[in-house]
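Next up: just one chain, as structure tokens, the form predicted on its own.
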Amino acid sequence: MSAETGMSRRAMLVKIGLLLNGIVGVVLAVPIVRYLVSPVTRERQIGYESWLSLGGLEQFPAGQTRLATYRNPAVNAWDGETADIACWVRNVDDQNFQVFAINCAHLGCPVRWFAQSSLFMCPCHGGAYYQDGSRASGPPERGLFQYHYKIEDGKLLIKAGEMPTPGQPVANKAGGKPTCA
């Protein structure tokens, strides 16, 4: 023990060790805290009112169902091609559209459109949906999830800041009265 400082070497090393452990704890806590608060900050950043274009109306002929993609509005720099989200667009009659999430309502497998049978089919568990997205057969208990859409300047836009879920109402058209599916 040093008479001048009143601290032993052991006590000094314990204090240095505690200081270094505190620094390491803070360095490890920063990414964890950022992860926990990211949903709150991300919601403010993108506003969840994002209307994204799927393309011009000429890309979606009347009476047909086509695959379209949009860029996730909550994208990170490292997301690359995984930030491109697919959806199915059905042009009912040149004025009315249906935009379906590509995921099956059962477990989220990507459904495919078969024009020959006018059905969406899920390859995972055999779920089938009619062309209007309603359930035809299989394990899904409800129809395909639908995006809200609107038409502006000859382009089809969808409200992409929100992912369709079973608890959200389905709207036939932007500004229209939502109905539960």
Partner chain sequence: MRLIQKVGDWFDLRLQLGKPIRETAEHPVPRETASWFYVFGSAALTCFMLQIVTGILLALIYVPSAGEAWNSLQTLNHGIALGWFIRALHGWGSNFMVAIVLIHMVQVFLFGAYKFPRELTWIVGVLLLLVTLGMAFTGQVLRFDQDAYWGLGIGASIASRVPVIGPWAVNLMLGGPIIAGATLSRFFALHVFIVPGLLIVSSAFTCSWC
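Given the structure is predicted, the values throughout are model-derived calculations rather than measurements. Numbering follows the first chain given and starts at 1.
Quick note: we don't show the form predicted in complex with its partner chain, though the next part is all about it.
With the partner omitted here, the stretch from 123-131, 144-152, 28-36, 58-66 that lies within 4.5 Å of its partner chain by heavy atoms in the predicted bound form is 28-36. Among heavy atoms of N76, some come within 4.5 Å of its partner chain in the predicted bound form.
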